[in-house]
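Have a look below at one chain only, the form predicted on its own, in structure tokens format.
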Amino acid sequence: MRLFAIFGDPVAHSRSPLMHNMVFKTLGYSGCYTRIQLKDGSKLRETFFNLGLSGANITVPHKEAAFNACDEIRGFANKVGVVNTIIEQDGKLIGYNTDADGFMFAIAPFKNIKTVLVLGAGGTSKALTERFRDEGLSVTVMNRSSKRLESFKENGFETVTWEEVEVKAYDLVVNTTSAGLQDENLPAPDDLITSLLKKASYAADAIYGKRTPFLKLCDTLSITVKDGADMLLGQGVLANAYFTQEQLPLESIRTAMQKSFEL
């Protein structure tokens, strides 16, 4: 039996074990998936090999550390410097990023998106902003401090801090921060985020499994919003295909994984 895991801090909330184990059980694949709370991202590689893992997903705050832990980076992850999926191959760690395509799957029902405001400057933000740009969208990244925005600015993105942002209409506002995951915080000051959302057509929160203050605010403002569940499903299907070495059809993975959201 092959062993897989998700690394993160926090990680107790993760639905990934349920999702992937449902696929393994339903499709008769000899695999088991668990959670591992990892405080120090620099220990990721060592922990992976010590546990004899065949693959892993990476969540906050270790996606950039995961990039550095890999021997080889493939596909979109090369472009963003962020890894959320790792597989072991001939004693080497191979890194991928499935977050961005998972998110595009999630927001497919949103129509006529041309401008996007991304809240936060972490690993998920890096992946999504690049993917949005690949789709020809105009992207602005907003973060509390300017320091973490430097890499985005160097990469040609429009960046603003809370003090600098102009309150104007964005077609889509996306929260990639951890605000609301373990607390009741908004990803920006109440008056600022409310003013921005009032002018938005759609919103999305990368957090799933909880009605965050961001999602609740969107509800009060009658904004069409998605939480991270669909994004989680989309990226999970792709990650599972890597884990199982593409032995299972994508549609079969999707169907089995979707069932886990009914539990």
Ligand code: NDP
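Just count from 1 along the sequence shown to find any residue number. None of the values given here were measured: they were computed from a predicted structure.
The protein also exists as the form predicted in complex with the named molecule; that form is not presented, and the subsequent description refers to it.
Although the partner is absent here, S178 sits close enough that one of its heavy atoms falls within 4.5 Å of the named molecule in the predicted complex. Though the partner is left out of this view, G228 does reach within 4.5 Å of the named molecule in the predicted complex, counting heavy atoms only. In the predicted complex, the named molecule stays beyond 4.5 Å of every heavy atom belonging to R74. Heavy atoms of T129 never reach within 4.5 Å of the named molecule in the predicted complex, leaving it off the interface. At a distance of at most 4.5 angstroms from the named molecule in the predicted complex, none of the three residues R2, P17 and G55 contributes a non-hydrogen atom. Contact with the named molecule in the predicted complex, defined as a heavy atom within 4.5 Å, holds for exactly one of Y29, Y208, F48, Y202, namely Y208. Only one of V139, L172, L186, L93 comes within 4.5 Å of the named molecule in the predicted complex through a heavy atom, and that residue is L186.
Contact with the named molecule in the predicted complex, defined as any heavy atom within 4.5 Å, is confined among 229-237, 190-198, 37-45, 66-74 to 229-237. Taking the named molecule as it sits in the predicted complex, the stretch 109-145 comes within 4.5 angstroms of it through a non-hydrogen atom at G120, A121, G122, G123, T124, S125, N143, R144, S145.
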